[in-house]
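Structure 1 and structure 2 below are two forms of the same protein chain, each written out on its own as structure tokens.
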Structure 1
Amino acid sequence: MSFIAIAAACLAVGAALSLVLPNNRSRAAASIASQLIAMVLVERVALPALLHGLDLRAVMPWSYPSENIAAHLDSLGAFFLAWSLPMTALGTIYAVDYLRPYEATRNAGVQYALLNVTALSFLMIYTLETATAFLLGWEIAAVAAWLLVIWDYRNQRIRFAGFNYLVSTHVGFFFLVAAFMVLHSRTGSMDFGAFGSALRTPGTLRNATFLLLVTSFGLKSAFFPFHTWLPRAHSAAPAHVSALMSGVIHKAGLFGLLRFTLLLGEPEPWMGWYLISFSALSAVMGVLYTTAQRDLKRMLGYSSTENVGIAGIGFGLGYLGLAWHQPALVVLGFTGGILHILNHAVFKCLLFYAAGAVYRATHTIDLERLGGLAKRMPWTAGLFLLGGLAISALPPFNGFVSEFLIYAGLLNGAVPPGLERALLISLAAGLAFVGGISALATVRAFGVTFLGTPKDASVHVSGDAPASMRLSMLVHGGGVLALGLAPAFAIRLVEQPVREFAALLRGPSVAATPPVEVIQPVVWAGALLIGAVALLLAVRWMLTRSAPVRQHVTWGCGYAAPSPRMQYTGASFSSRFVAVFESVLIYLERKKLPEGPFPEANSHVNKHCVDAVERRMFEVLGEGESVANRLYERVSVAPTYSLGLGLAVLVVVISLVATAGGIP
């Protein structure tokens, strides 16, 4: 554990240097160098723990509010640490060229320092098991992410997005504090080990704590309907911040869910069904919104809500496996869910980096204005397509591997016959529906942005992504291929964490089929398909390499004078599909129609898909203020209402304290 302490000190020094050095280049160098050193130190500890299941513990004396701070690195924490720090370092490298246009006018040192602080918070969250220290790391990550989002604070839209994120993350923080207070009232300790003894005792307290924890971690990871901060923050933040928030930072919520699942022990079946329902709703609603967004980064933000839902379905399946004593469901559910966290981080960072390259080159990410970028930005186009294929869960890319394992669990013969099996088979069909819509959203985003011809003459393309941005995208693209083409390697990375969950099974159990054997036939089929395509391309090249190149005008389908306005836009591409879900996807329309037989004024029609949850929430808040005012007026003038309200609050407080064991 001493290596992790040294890494934390190194990150702190790098953050300080980023603030005090004289120019942006030296600040970037200090940040990157300190992160790379910290990464090597952490991997020195995390990789053995991840691959061999080592369990490292340390206790640091502390004075207040707890006597000691417990540090614990098991394979689950090592799994998250193993890729969080390298991805943060890649994001910092990406930022060097992304922020270069602001080099003369802005001090980027704050950005680099905050990226170091974010990496430091990962060390705290993934290793500390004293509640107060854990909450401190949780809060540091939240505030650092907020400051990163509002870097361009002079824009009011960005300030509002940051405020929205800050409020949401602190609402989640309050739920987490409430859960810890309940556990402390039962155990008299702030140590996670003591929490485990309380959480494993069935009863109302356990159920209530589970709901508090799921709500808090759901807010952190942007599950539906707690997701409203996510698309706004991703749209407003710099591209490398959006990538790290979606790929790395908000994964802390999923880590918290998994960590407390280990403390929970054997769950009850309703917990598994609750988690599956919560996650399935998130996956469906998240992917529906991806089809209606005209902002490329906002679309990717909704896609994150979809993908945490897919990972949550895997966890829910693992919960059911533990409750039903079915090792096959435990292994397939947790393997698929945990691996999907890593896969999502890899391809989502790639997609955000590509979107950032588009913004840097064109100064817009509005799908209605983009088009024909593939010829001007071939590297970005190719890598965006690679990430899009992975997020659509198409073989042989990494998104397919994790989703296939979840499918294998949902359709596994270990599921009890009857209603349970019918529900999980229906869920598999729903997951296929989500995959289909995700593919539609990917085709729409790639086709409208990179294919065709430019739509807006005012959009000028400065060129493809510079070196540091391209390097980060290439590394993530390599990760997409490596995890997809070598699923045995990918599954090996999550094997030890999954063993920790399988160890929660009580009583005799039947050995489960290893996930590698489940997916291996599909991998072989994919390899044969790739080989066949490569062979056909090679034969075609050999037959046509000496033939003269013939050039023709593209067939215009009868149009004698095609123009860029005849192309599909983002809205027209998905309009037929969106019309089916018009009761869910709310549009705001602003229009000025032509008037008179010879209209002189310009006319326009603008439609924006708005978030239904956010819109309803603000409506309720607006009405809620008037309701509160009316209630306050009645309470202040009528003593009867004041007395009744006071008694009601007193009864609730006494009930909570008595239930938590606070009264002997």
Structure 2
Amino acid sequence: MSFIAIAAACLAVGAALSLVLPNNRSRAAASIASQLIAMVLVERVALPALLHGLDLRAVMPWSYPSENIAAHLDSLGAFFLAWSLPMTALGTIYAVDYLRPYEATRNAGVQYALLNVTALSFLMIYTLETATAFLLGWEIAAVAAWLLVIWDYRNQRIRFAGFNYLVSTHVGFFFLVAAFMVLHSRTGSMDFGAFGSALRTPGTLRNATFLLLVTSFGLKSAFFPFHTWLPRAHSAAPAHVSALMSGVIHKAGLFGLLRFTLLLGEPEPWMGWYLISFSALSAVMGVLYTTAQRDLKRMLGYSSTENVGIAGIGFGLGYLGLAWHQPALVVLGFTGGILHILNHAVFKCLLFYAAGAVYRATHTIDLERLGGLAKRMPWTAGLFLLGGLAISALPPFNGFVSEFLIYAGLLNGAVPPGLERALLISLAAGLAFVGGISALATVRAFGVTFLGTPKDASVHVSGDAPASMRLSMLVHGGGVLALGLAPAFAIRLVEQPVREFAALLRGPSVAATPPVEVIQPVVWAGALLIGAVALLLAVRWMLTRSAPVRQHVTWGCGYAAPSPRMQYTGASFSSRFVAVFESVLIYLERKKLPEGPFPEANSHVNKHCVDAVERRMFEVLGEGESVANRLYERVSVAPTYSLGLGLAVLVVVISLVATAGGIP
């Protein structure tokens, strides 16, 4: 434990140094050096705790507001610590070259200091077990992230995105404080251990606290109806901040969920179903929005909502396993879910870094304007493709491993036959749907940005990513490959944390198959695939080596005057898909059409997919009355609406009567 305290002090010193040192180079050096030292110190404690399941506790005397501050490092906290700090350090390294264009004019020291503070807040969140101190860490992370987002504060849009984030994260904070207040009133203590004993007593208070906690952590991790701040903040922030927010900082929300699951003990089945439906909704809605964005980073932001949803499905499955006393589901659900958190952090940071490299080289991330970057930026293109394949959960990359474990749980024989099994099979189909759409989104993002020919002649490409940015991307790319090709190693990383969840099972239970054996098809499929590709390429080489490679223009199907503008853009690629889901994906359209036989004025069409939740919220806030009036008019005129309303009223009446115990 003392190592962590020293690491925290080291990070604080690093932050102070990056504020006071004279030039940006030395500020970056101070920040990176302090983070690396802290990382080594933390890993010395976290890795043994993670791999051997140590349980370290320490109590610091503290006078106010609680008598002391308890620190506790179990394998779950160690798991999160083990990759959060290195990834933050990688983000800081990436920032060195990313922020270089601003070097002469801006003081980047604040950014470096805030990155240090973020790492410091991880130390607090993942180890402290006293509610007040935990909340302090929680707030430090939120405020640091906000300040990091508004780096380009002169832009009004970016300030708005920053405030949007700040407000959302504080709404979540209120829910968390409310939950802690409930627990404090029950126990008279601020200690998580005492909270745990209160949470284990079944009753209305337990249920209410569970809902408060899930809402709060859901806001932090951007689950579906609470996600609106995320795409805004992610497209506004510098690339390394987007990457860290999406990959690392938000994972604090999922950590909170897991930490309180451990305290909750054995959940009731409805909690599992609630978590599963909440997460499935997030996954589907998040991925639907990825197909319609024209801003690359906004699209990646929505895919975070999708991926926390997938991890949440794993946790929900684990909840159900705990409630049904099925260790197979507990192990598969939590292994898949926790592993997906790590996988998401690895490939999402990679994708954001690659998107940042595109932005740095072209000064735009608008899918409608980019094209043909693969030849100018081969490193970035290759790494983006790697991350994209991983995020679509395609074998043999790391996203597939965790999703496979979740599938294995959903299609498991341990699920009770009947309605439960039917529901979980449908959920597996839903996950397949999410996978299919995310493949579409990947192909769209990669194909439109990097393949084909440049569409907009006004976009200049200054070259591939500089050294420090490339280093961060390569490390993350290596992570994608390592976790995907050696799933046994990946599972080893989450084995101890999952054991903590399996220990929550009470009563007799059958032994579960270890996930390492479940993952066999993945190992085989990956190895065979690589072998087959190598073999076929060798065959192809044998066949074609005799003649020189002939090149020609793309066949235009007889059309003689092709132009790069004729290529499929992001919007045209997804238009057919979006047309199927037009009720959810709302487009705002601004257009000025050509007029007259010889139009002289410039005409344009500008379509933009807006967030339905946000749109509706603003609609209700701004013109609630007119919306209600319009609805009312529709109801009185259209028969389908009035019929639907009548049915809804009937259902409400019947359910009220039924819950009241029938008509007396």
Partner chain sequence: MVIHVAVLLGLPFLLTGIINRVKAIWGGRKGPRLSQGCFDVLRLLRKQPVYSSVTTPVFKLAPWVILASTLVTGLFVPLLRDTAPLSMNWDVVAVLYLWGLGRVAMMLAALDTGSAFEGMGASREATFGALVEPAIFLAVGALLATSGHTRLAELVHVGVMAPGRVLAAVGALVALALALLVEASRVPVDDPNTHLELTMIHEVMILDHSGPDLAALQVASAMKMTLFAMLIAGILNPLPASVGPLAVAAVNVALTLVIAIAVGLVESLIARLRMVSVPQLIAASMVAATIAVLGTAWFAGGAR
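Structure 1 provides the reference sequence; residues are numbered from 1 along it. Just so it is clear, the structure is predicted and the values come from calculations on it, not from any experiment. Throughout, rigid core stands for the largest set of C-alpha atoms superposing within 1.5 Å between the two forms.
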If I had to pick the form predicted together with its partner chain out of these two, would it be 1 or 2?
2
Residue 548 CA shift between structures 1 and 2 in angstrom, with the core used for superposition
2.8
